[in-house]
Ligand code: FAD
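Here you get one chain, nothing else, as structure tokens; it is the form predicted on its own.
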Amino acid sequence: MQVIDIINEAIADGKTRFTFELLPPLKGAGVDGVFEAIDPLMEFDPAYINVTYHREDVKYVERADGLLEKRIVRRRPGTVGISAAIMKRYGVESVPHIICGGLSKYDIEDALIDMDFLGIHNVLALRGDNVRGEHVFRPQPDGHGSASELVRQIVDMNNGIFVDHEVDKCAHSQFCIGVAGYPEKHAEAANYETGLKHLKEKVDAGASYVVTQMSFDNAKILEFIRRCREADITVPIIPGIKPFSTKAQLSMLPQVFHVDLPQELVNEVEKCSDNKQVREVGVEWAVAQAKELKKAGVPVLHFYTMGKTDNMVKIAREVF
């Protein structure tokens, strides 16, 4: 089933559902940890489950002569395989992420073919991050420089058009494509309006829905939705919520994800004596956010869990 159909059913029913995203396990870790994270949430009927994609990382290893050797490593492979395993085990749709960073058009095409063979018909198309330590995004040779280009490739494949136009007749894929939106502006966008322009390009290219970057301020999320509608972005918009969990996130989240933290939330986290208390504050904040957005009529809420779902279970019990 395509995600857009799930979203439209929720809209028709007037019932807000939820989804969450998981990280693929570290290389060599196996799948048990993923299943252990999902199991407690199944009683709350998640709409679908996202699986992130992680590009190559840089590792420096000291050689015998004392010099450092640069190596490229993949710490979390397996996005497509984990997505298929989730679908087989739980009978719930999976949405693997696919990115431009580190992949050529041919790599992307191969990954999409594998997904199609495995019965995965949903994908979240992202540009992806810069290589660690680099301040400018560099496309892979024969790759894409933007998510809108990636969306167009996926749409082309749905229409039977492959990278080298080497196939005349084929079984067409049927990927439903989601893309990312930024309620607090993409870090690289010149301004808010430019960010909306780029989002509209992704939607016009063929995206069926938008999932937002995490935001801890519902006013900014609802304002983003309003401004999207004014910009003629009419597809469903799924707000993203991140349950706060550690004191270190007070500086890490603004630095890495370029989001502002409401002062009220900062004050409550700073009062906590340990991260156990921080997680409780995070649950309370996420519950309040979710209830308000649910009341506003959003069809689905997306939760960034980072693979740890004990706090998500508490949220789901209160809201869904």
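From a predicted model like this one, the values you see are computed outputs, not experimental measurements. One-based numbering along the sequence shown.
What follows is about the form predicted together with the ligand, which we do not show.
Not displayed here, the ligand is approached by Arg127 to within 4.5 Å at the level of heavy atoms in the model of the complex. Although the partner is absent from this view, Lys247 stays clear of the ligand in the model of the complex, with no non-hydrogen atom inside 4.5 angstroms. Contact check for Gly195: a non-hydrogen atom falls within 4.5 Å of the ligand in the model of the complex. Although the partner is absent here, Ala180 lies within 4.5 Å of the ligand in the model of the complex, judged by heavy atoms. Proximity to the ligand in the model of the complex, defined as a heavy atom within 4.5 Å, singles out one entry of Ser146, Asn158, Gln140, Asn218, which is Ser146.
Shown without its partner, this chain lists Thr212, Asn122, Gln153, Ser83 as candidates; in the model of the complex, only Thr212 has a non-hydrogen atom within 4.5 angstroms of the ligand.
Not one of Phe35, Arg75 and Glu93 comes within 4.5 Å of the ligand in the model of the complex, counting any heavy atom. Contact with the ligand in the model of the complex, defined as any heavy atom within 4.5 Å, is confined among 274-282, 289-297, 63-71, 49-57 to 49-57. Residues from 248-282 do not approach the ligand in the model of the complex: none has a non-hydrogen atom within 4.5 Å of it.
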